[in-house]
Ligand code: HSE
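One chain comes next, on its own, written out as structure tokens in the form predicted on its own.
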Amino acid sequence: MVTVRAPATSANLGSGFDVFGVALSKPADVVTVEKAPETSIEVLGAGHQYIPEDPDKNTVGAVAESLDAPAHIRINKGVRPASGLGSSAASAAAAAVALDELYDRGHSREELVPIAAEGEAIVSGDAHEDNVAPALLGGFTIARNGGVTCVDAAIPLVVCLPDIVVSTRDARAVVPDGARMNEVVETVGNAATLTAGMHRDDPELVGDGLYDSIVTPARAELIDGYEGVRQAAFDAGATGVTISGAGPGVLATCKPGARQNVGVAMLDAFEVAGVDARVYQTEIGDGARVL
């Protein structure tokens, strides 16, 4: 029996659509695997009633099949599904590490990234690596064709999660088919600024680099109260604000010591919009680890 904790993640980070991701120090999924003749899945915890236990419809089932590692898999969800916090990626990453350990397959964490991404395809329709990469490797990750680059970074974060459901498929459906050249140039500049900020552990630079005028505005329409929450976070001292992943979670970068004020302000703004929410005062954290 092997148990692994894998963190929630925030992908895209505004300017890095389908490329950037960070591991969050909290919340997290905990997955326990035990050898069995065929794969079976048990799901507990946050939103478990919405997660299929059929191995053909669950991310971890695809991971078990890819590794040729049948097991009874128990998933204790700390990351709510349809949150924008990489819920399916956390389970897939934890299962990949646990099953690789259980069967002594000997894969590196980098080698497990595409395996875990195949599990993600069950949920989103595509094998994206922007969530599974930080869930496995930790830190700030840049996932692109040909590999993943990982950077250790220390940036204070606040994630406010409203009681709204936005599916990954719905969020991808509103992404524009194209962009004007000036928008592309601006986004490239912001992505470069964000990357430099991660290398320098500079929340001001990272916050500046979150801005995106292409994807985020379209997805913001799916989140009741988003603009008010965004402004409230800035007023309380956030250095940058964007949608976490596909949403509806809202991510804010902060200077040290500002997280509590920013979190309270975001909660209050969602309340004004008539939306219940919860907040995580978190930071960039480690990847999956065997417990």
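Counting begins at 1, following the sequence as shown. Predicted model only: the values in this text are computed from it and were never measured.
There is another form of this protein, the form predicted together with the ligand, and it is not shown here; the text below is about that form.
In the predicted complex, residue 263 touching the ligand (heavy atom, 4.5 Å): No - in the predicted complex, heavy atoms of residue 263 and the ligand never come within 4.5 Å of each other.
Taking heavy atoms only, is residue 62 within 4.5 angstroms of the ligand in the predicted complex? Residue-level check for residue 62: no, no contact with the ligand.
Using the partner position in the predicted complex, report whether residue 77 sits within 4.5 Å of the ligand, counting heavy atoms only. Outside the cut-off, so no.
How about residue 41 - does it come within 4.5 Å of the ligand in the predicted complex, if we only consider non-hydrogen atoms? It does not: once the ligand is placed as it appears in the predicted complex, residue 41 has no heavy atom within 4.5 Å of it.
One stretch from 196-204, 138-146, 95-103, 166-174 that, in the predicted complex, holds residues within 4.5 Å of the ligand by heavy atom: Careful reading of the contacts points to 166-174.
Let me know the one among 51, 28, 246, 232 whose heavy atoms come within 4.5 Å of the ligand in the predicted complex, would you? Partner contact (heavy atom, 4.5 Å) among the options: 246.
Give, in sequence order, every residue of 129-148 that has a heavy atom within 4.5 Å of the ligand in the predicted complex, or say none if there are no such residues. If the 4.5 Å heavy-atom criterion is applied to the ligand in the predicted complex, 129-148 yields 130, 131.
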